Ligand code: ADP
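Shown below, as structure tokens, is a lone chain in the form predicted alone; questions about how it binds or moves come after it.
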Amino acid sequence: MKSFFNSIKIKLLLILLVFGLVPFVLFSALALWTFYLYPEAMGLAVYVRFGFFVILVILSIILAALVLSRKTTEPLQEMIDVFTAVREGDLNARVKIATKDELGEVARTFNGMADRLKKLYASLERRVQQKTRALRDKVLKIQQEKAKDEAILKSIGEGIIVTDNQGNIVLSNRVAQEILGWGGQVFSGKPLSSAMTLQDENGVPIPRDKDLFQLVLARLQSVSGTYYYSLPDRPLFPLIVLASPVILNRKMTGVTMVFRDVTKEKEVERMKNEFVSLVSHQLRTPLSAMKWFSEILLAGDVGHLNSEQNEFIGNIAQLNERMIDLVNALLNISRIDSGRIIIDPVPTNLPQLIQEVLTSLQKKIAMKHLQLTVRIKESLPLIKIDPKLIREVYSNLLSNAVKYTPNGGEISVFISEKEGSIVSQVTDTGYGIPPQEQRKIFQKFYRGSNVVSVETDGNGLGLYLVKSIVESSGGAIWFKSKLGEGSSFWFSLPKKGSKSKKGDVSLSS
């Protein structure tokens, strides 16, 4: 920029010289031509004076041009210096030209622009400071939240592992590292499958299609279950695992796995089941004796009983039967929970099995004047199941339908085929299940609050047993109920049949 104005200075100087010297040179040339034409009219002194005058005039013109050029370019140089200062950050620099010509107007315009730029810069600086403070506060808050989250993770008693959407480990807490025996190894950034190999109860690694991460990825919902894990210095031990998707903007960005070692809980449960089984076995002997003695008394084998004695002995026999049913239910539950139950599938005719159950309930159905409807798909194939177990399922569902349906109600039984399964449905027009209690329906000892006072006979173990049997047979069970209108229970069994399972005991009857 400076060199540019320097060139302007040279141009001004040249212009002044041209406009000052050219007329004088022309005049001097004309004079010299005149002297040449009429030399006798001029003397030597005239020539000397004329030459000195020419030199003096030329020097005067050059000096005037220099002075005028400097006067013209000095304000421009000052403006250049101020422009440069402002460009380098000195917003207080101003052009000190107060003339009323064009240069003065440019100076005033530039000074106004510099004032406005200074105000804008001050405003911008204030906003930047505000944003910086806000950002600093936000960063501090994030750091506090992060520290809080880390403290929570450290204090949680369960193991926690977080992965990205590719299954690579992003975060794990101390409990997870201790349970999985990682020690000082760093697994962050590594695939979850290589750091945590879950197994079934037999020590067989879980296949990829049933891997928790793959299940969550496919379903986009939480998946839970009991799995097993082993360490070099520790045999197979159970883990309860819950894997949940991390959803952001309707996309899965990762998976959170929460798990804990339930070895102690499993041991306590095993001891409890063994205790229940032992006590139940010990109770069966006196109960069976009481039943035998009651039957002898009612049969009159030890003498005639009057009507009042018959009534009392009949009540004793009925209560004894209820005790036997409860003991058998407890035994069955303990055997199912302990995994010692035998599953022995054989080709079974379901219509015939259902008919046997209905026949055993026919007397109760007739006493309550219930209308029974049975619809079974024609040409239903034989299905390979354990008939003892599935009979228990039908018996519980149908006896519940009879028990909890008022006199004159309806009971329906439907069996159909659907997508590789045989689906059984038992529907009644009974009391129904309160909506707020439906989540408890398959829990141990649950009985609906609306039927406890109506039907005092019951232990709340039947549906828990039904669910356990159906699921151990490879099926599923579900229901729908409306208070005061009745309930429908469905359960499915695979057409390919149930898998056999070795065990120690069968269901008690």
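All residue numbers refer to positions in the sequence shown, first residue = 1. This structure is a prediction, so every number in the text was calculated from the model and none was measured.
The following text describes the form predicted together with ligand ADP, which does not appear among the structures shown.
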Are any of the heavy atoms in residue 403 no more than 4.5 Å from a heavy atom of ligand ADP in the model of the complex? yes
So, residue 475 and ligand ADP: in the model of the complex, are they within 4.5 Å at any heavy atom pair? no
My question is simply whether residue 95 lines the interface with ligand ADP in the model of the complex - judged by any non-hydrogen atom within 4.5 Å. no
Does any heavy atom of residue 432 come within 4.5 Å of a heavy atom of ligand ADP in the model of the complex? yes
Heavy atoms, 4.5 Å, ligand ADP in the model of the complex: which of 373-381, 311-319, 175-183, 403-411 makes the cut? Say which one. 403-411
Sequence-ordered list of residues in 439-454 near ligand ADP in the model of the complex, where near means a heavy atom within 4.5 Å: 441, 446, 447, 448, 451
